Structure formats: C-alpha cells, structure tokens
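Only one chain is shown below, in structure tokens, and it's the form predicted on its own.
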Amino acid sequence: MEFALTDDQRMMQESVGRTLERVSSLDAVRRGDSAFEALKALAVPGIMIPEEHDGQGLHLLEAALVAEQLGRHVARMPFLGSAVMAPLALRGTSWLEKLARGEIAAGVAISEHAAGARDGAGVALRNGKLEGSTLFVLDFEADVYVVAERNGALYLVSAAAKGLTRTLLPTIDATRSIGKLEFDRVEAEPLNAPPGTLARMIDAGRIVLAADTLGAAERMLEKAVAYSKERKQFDRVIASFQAVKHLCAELAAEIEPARALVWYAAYAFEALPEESRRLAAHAKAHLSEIGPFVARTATEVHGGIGFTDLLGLHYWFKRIGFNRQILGGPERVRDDAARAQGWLGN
C-alpha cells in the first residue's frame, strides 16, 4: 500500500506556500504582519468546516499540510484554535459560516485539560455562569472563545461578555497570540457537542502542532544547508567539511520519518478515530523531541551568527519551543498515549 498525497493536496499546499512566500517574509514577520487576509482568499479559515456551512469540507490531513507551511514561514495567523479546534466544537451552530468566511476568529481555552491544571487556574459553572480563569488561550485575539469548564463541558463566550477580563500573555513565540481569560459570573452559551469532542479537539491540536514543528524544522535544515554552501573557512566552503556534512545528514535523517508519522496521524484522525488519541500523542511527543534538536543543531551550523537577530533563526527556534509545550509536553502526551493503549488506568 502506498501512502502519498493526492495531486489536489499537493497543489493546495504549494498554493499556500507560494502565498506565504509573498506575505510572510522575515521582514513581515519582524513587523508583526498577519497572513490572515491573504490566506482568507484561499479559504484557509474554513478548511475543516463542511461545505454546507461555506467551508472547504476538507480533513485534518489537509489542515496539517497547511500547518507545515505556516511553520516553514513562521506565519502569524489564527489557525490552530480558530480553523482547526474550534470548528469541531461548533458543529451544527450558526457560527461556522462566519468562521469559514473569515468574518470572525475563535479562541480556544482548554489548556487545563490538555496540559494539566495550574495553580489557581480552572473554570467552573456556578448558577448558570462561568467563574474562574484559564491560561494559555489559543488564538487569543478573537471574537468568541470555546471554553472548557472543569468537568469538560464546552461553552461559547463572546469576547465582549460582561465580567470577562482578557490579558495578553508574553511567550517565547512572538508569532502566536496567547492569553489569559478571567471569568466573573460570565454569561456563556452551552455547546451541545457530541461526547468526546474535547478529546478530539486536543488530538487535532496536537497533530497540527506537530505538523507546524515539522515545517519549521525543515526550513531550519534548508537554511543550514544553504549557509554551509556559502560560508568559507580556510578557503573552503564549510559544506565540504565532513563534520558539517554529518550534522546536516543527521538532521535530514530525523526529519524524514517524522513526516510520515505526522501525515499518518492526521489521516487517522478521520479514517481510524479509535487510534487517533495514540497517534496524535506519538506525533506530538516525537516532533517535540526532534524539533528542538533540529533547531539547536541547525543554529550551530551557522556558527556565532546563528544566534544573532540578523538571520532571524530565533523565530523558528522559539516557535518549535512553543509547540513543544503547548497542549502538553512530551511527558504528558506520552502518558496520554499509554492510557489510550490501556497501559495505565484512567
């Protein structure tokens, strides 16, 4: 059996890549420019929204292919939460059309369920209203938020809701919008999502993060190889040195099989849902390990200049570091994989 992308999938990924080459250059990233409007023209916000709700009606594999390109270009765009995770919770609601058309963005506040509760964090429903706080909200600069309360029930909250306090949180990744929500008797709309939706959101998010890391790691390897062909020492390009060849070959050897793991996990999300939790956890954990290795080694190939702002490698380095921890670090997701396989009790 051959597992490969279709022509349509390759064309879609290439189209997104060409657009990001134009609108998400390193100078644009430094300025803080968003790629949202350009990718809205390609219907990326509605990639996982059914066609009857004005979306593309595609699957998580296509979303993962887009995420690879976003990681390659360290693009700023509400995608992980707004285009991938939120639509899973909003199925059957009137919000999908607005999301698909790019009229609104949706943040996702479920980190306590994906990465473990932190001191003082957690949202509870009391007398029909939400109270408490939640950290590391994805796609924070949004119009509405999908919020998971402590028991796992999902609610939709307007960004303008009375009693809601929003605080933008600084993280190592300047290309992502992350924040904190505090609830003081906030009105919320219950989402009648099917059982297991919260777990599916987490799985989808982890796979897309792994794909984003894959794209960022590939770009860092390409930059390291290109630099090694230009930089000279002792009247020779450093690409001719055996040690540099070995470093780059090792990076390629780590990245190549990781691509198959990410693609298969994304494919299995719909095709093999009973295996999705395990595969999502393995993909996230593995890319969380090799991503920092690739980032560190590719930076070292550049020598001292690799640590400066001039080349901008730190944008990819920090994005990979952020992806490693959000929605659960390697230890947490491997624990989830063990539970999915029945090795640990629930």
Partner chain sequence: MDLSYSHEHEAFRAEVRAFCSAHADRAPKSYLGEEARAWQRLLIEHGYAARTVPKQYGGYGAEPDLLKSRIIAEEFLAAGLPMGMSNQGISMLVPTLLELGSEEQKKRWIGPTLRGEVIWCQGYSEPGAGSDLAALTTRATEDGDDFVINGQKIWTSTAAQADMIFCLVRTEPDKPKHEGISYLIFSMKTPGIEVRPLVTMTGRAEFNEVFFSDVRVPKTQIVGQRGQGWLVANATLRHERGMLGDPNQAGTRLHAVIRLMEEEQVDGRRLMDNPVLRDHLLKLQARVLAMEMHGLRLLTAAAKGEDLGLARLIVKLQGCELNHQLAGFANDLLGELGILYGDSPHLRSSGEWQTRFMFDLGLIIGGGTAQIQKNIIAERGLGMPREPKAAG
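Keep in mind that this is a model prediction, so the values were computed, not measured. Residue numbers count along the first chain shown, from 1.
Omitted here: the form predicted together with the partner chain. The next part is about that form.
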Checklist entry - Which of 91, 150, 259, 185 has a heavy atom within 4.5 Å of the partner chain in the predicted bound form? => result 259
Next on the checklist: Can you pick out, from 124, 168, 252, 172, the residue that has a heavy atom within 4.5 Å of the partner chain in the predicted bound form?
Outcome noted: 252
Item to check | Touches the partner chain in the predicted bound form: residue 135 (any heavy atom, 4.5 Å) | outcome: no
Next on the checklist: With a cut-off of 4.5 Å between heavy atoms, is residue 158 one of the residues that contacts the partner chain in the predicted bound form?
Outcome noted: no
Next on the checklist: Taking the partner chain as it sits in the predicted bound form, is residue 338 near enough to touch it, meaning that at least one heavy atom pair lies within 4.5 angstroms?
Outcome noted: yes
Checklist entry - Wondering, does residue 177 line up within 4.5 Å of the partner chain in the predicted bound form on heavy atoms? => result no
Checklist outcome for this item: Within 4.5 Å of the partner chain in the predicted bound form by heavy atoms, the stretch out of 190 to 198, 208 to 216, 76 to 84, 243 to 251 is 243 to 251
Item to check | in the predicted bound form, residues of 265 to 304 near the partner chain [heavy atom within 4.5 Å] | outcome: 267, 278, 279, 282, 286, 289, 290
